[in-house]
Ligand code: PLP
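The chain below stands alone, shown as structure tokens; this is the form predicted on its own.
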Amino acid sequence: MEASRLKEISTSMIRRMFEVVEKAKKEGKDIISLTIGEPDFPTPKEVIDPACKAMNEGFTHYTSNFGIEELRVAIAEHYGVSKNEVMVTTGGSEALINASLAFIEEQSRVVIPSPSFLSYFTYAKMCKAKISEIKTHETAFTPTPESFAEIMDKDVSVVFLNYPNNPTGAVIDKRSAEEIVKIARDYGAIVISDEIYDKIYYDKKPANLVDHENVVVVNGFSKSLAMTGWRIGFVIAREELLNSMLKVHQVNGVCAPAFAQKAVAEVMLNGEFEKLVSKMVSEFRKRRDFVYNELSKLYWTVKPEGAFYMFLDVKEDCMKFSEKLIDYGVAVTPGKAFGSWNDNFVRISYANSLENLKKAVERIKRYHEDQGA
């Protein structure tokens, strides 16, 4: 029998759409998928070569639960913290569940702005907490300190923040983010700040929240170095918070792959990291500008300032829209996966080639015309 903690949890909408796309492709349909949040670039040679070298040198075994010294030092120097405040994890997702299990009390409240990454809702449910959402649609998809002040009380154990945001690409300003952190601290709540897209931004630089006593920053290299399959994440937090997460990490992820840790450390320490990210972001900017310029003529949206997503108000049920759009050869993610008030929204990922994006946009335009919109 399935455990009661899973009763309210369904399979990820993103993964379900992935399966729909795969099925359609097997039936011979030409489908352009704008669903998966994964850079379409190959992992850079500057990462692969040192990883192969590390494997040949024997970096194929367990490391410390906290990660190898070189990588922790590299991350610490990059973010201006102590290496004792850094723990390497098996991807950002493991870091998120470690933090959730460490700090979400059963029957407490967990505050999540909507729209937000679907997994936060799952973690809260797994921990048997009550979810309180903050609507951000009228404030360009970023929450205000005032909206947090209205909803916070002593029953809140954890607040999730995710900027640059998945699914909207919104970036919160530093002053607002720090005020929200202060409000949470006043009520004894931990802020889990998912900053996995902090290197993928355009005209507005995201705030890093590493320097706050009640914040656990979750990050990784899946997006910034196109390493989704390598599973290298990390957390930055005060030592006492890390020690709480270690209780979960030591029996969950244990440690990230040693050779991959070694490769990322080398890329960070030899000055290649920023160059590699910059090259990728330059291409994402071209794609964002094209998709936004075309689709904002058809549907309301907010111009993304980070990540590689756009959240469109399609003015109809998102499930029906997504299903019908498959017949036109495009797959998108229904918005209701990302929280309340999103029933008429869909997420598109422009982490796809410009050639494919141009085809997808033409197909979406054709659908729009056929609906008589």
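In this text, all values refer to a predicted model and were calculated from it rather than measured experimentally. Position 1 is the first residue in the sequence shown; the rest follow in order.
As for the form predicted together with pyridoxal-5'-phosphate, it is not shown, yet the points below apply to it.
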Quiz item: Of the residues L96, I172, I236, A256, which one places a heavy atom within 4.5 Å of pyridoxal-5'-phosphate in the predicted complex?
Solution: L96
Self-check item: Answer option from G339, G37, P44, G67, heavy atom within 4.5 Å of pyridoxal-5'-phosphate in the predicted complex
Solution: G37
Quiz item: Is G91 close to pyridoxal-5'-phosphate in the predicted complex, meaning a heavy atom pair under 4.5 Å apart or at it?
Solution: yes
Quiz prompt | in the predicted complex, N166 touching pyridoxal-5'-phosphate (heavy atom, 4.5 Å) | solution = yes
Quiz item: So in the predicted complex, does R72 come within 4.5 Å of pyridoxal-5'-phosphate, heavy atom to heavy atom?
Solution: no
Quiz item: So, in the predicted complex, is S100 in contact with pyridoxal-5'-phosphate at a 4.5 angstroms heavy atom limit?
Solution: no
Quiz item: So which stretch, 191 to 199, 282 to 290, 296 to 304, 132 to 140, is the one near pyridoxal-5'-phosphate in the predicted complex (non-hydrogen atoms, 4.5 Å)?
Solution: 191 to 199
Practice problem: Pull the contact list for 100 to 122: residues with a heavy atom within 4.5 Å of pyridoxal-5'-phosphate in the predicted complex, in sequence order. | Solution: F117, Y120
